[in-house]
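Next up: a single chain in structure tokens, the form predicted alone.
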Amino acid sequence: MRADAERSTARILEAAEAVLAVHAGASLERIADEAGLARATVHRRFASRQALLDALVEQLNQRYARALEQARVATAPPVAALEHVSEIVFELKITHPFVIGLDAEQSPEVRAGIELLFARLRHAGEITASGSDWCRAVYLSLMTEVHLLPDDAPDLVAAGSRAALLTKAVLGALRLAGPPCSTRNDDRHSG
């Protein structure tokens, strides 16, 4: 019985990914139809639409954690790890657009892996920015911009891949820049 429940849950999550990528407001009933399951089965596994979305976010966090593990952020050369993580995340952006678009909070495990990666980049002298939140924000912002580039964009073609371009851009941005200094801006406007 437990194996059947796990298979049903996996089918529901897979169907939800597919349906919600096309129709973000799709009902649990529509997802049940896509999964080939009775509506009652979906409602038994997920009491609400929000419970289903939470399960999709948890699944995404597990994928991010596996990406960090596959990239060997703790042991690989940090620049290579950054590029490898980026390759995997770009693949997730293509294969799981709805869940990526939820902009949900990263799990503590994922945040710790990203912080470790940026700490190792800092220790290796590849970046100088010290704020973990700032580094993560720059990385995610640049990832969005690189993802949106057309395939024939000159910088993308020159870099050879989205992951390579993102790595180069992140290192460049975080080598010279730190978090914006609000006191400087406040001083300029207060005088």
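Start at 1 and count along the sequence shown; that's the residue number. Between two forms, the rigid core is the largest collection of C-alphas that superpose within 1.5 Å. On a predicted model such as this, the values are computed, not experimentally measured, just so you know.
Missing here is the form predicted in complex with the DNA; even so, the following discussion is about that form.
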{"property": "One stretch from 26-34, 59-67, 121-129, 137-145 that, in the predicted bound form, holds residues within 4.5 Å of the DNA by heavy atom", "result": "26-34"}
{"property": "Non-hydrogen atom contact Arg162 with the DNA in the predicted bound form at 4.5 angstroms", "result": "no"}
{"property": "Val157, heavy atom within 4.5 angstroms of the DNA in the predicted bound form", "result": "no"}
{"property": "4.5 Å heavy atom contact, Ala55 and the DNA in the predicted bound form", "result": "no"}
{"property": "Contact label in the predicted bound form: Leu149 to the DNA, heavy atom within 4.5 Å", "result": "no"}
{"property": "In the predicted bound form, residues of 8-25 near the DNA [heavy atom within 4.5 Å]", "result": "Ser8"}
{"property": "Core-aligned C-alpha movement of Ala47 between the shown form and the other one, 2 Å or more", "result": "yes"}
{"property": "Flag for Arg30, CA shift 2 Å or larger between the shown form and the other one after aligning core", "result": "yes"}
{"property": "Core-superposed comparison between the shown form and the other one, Ile12 Cα displacement 2 Å or beyond", "result": "yes"}
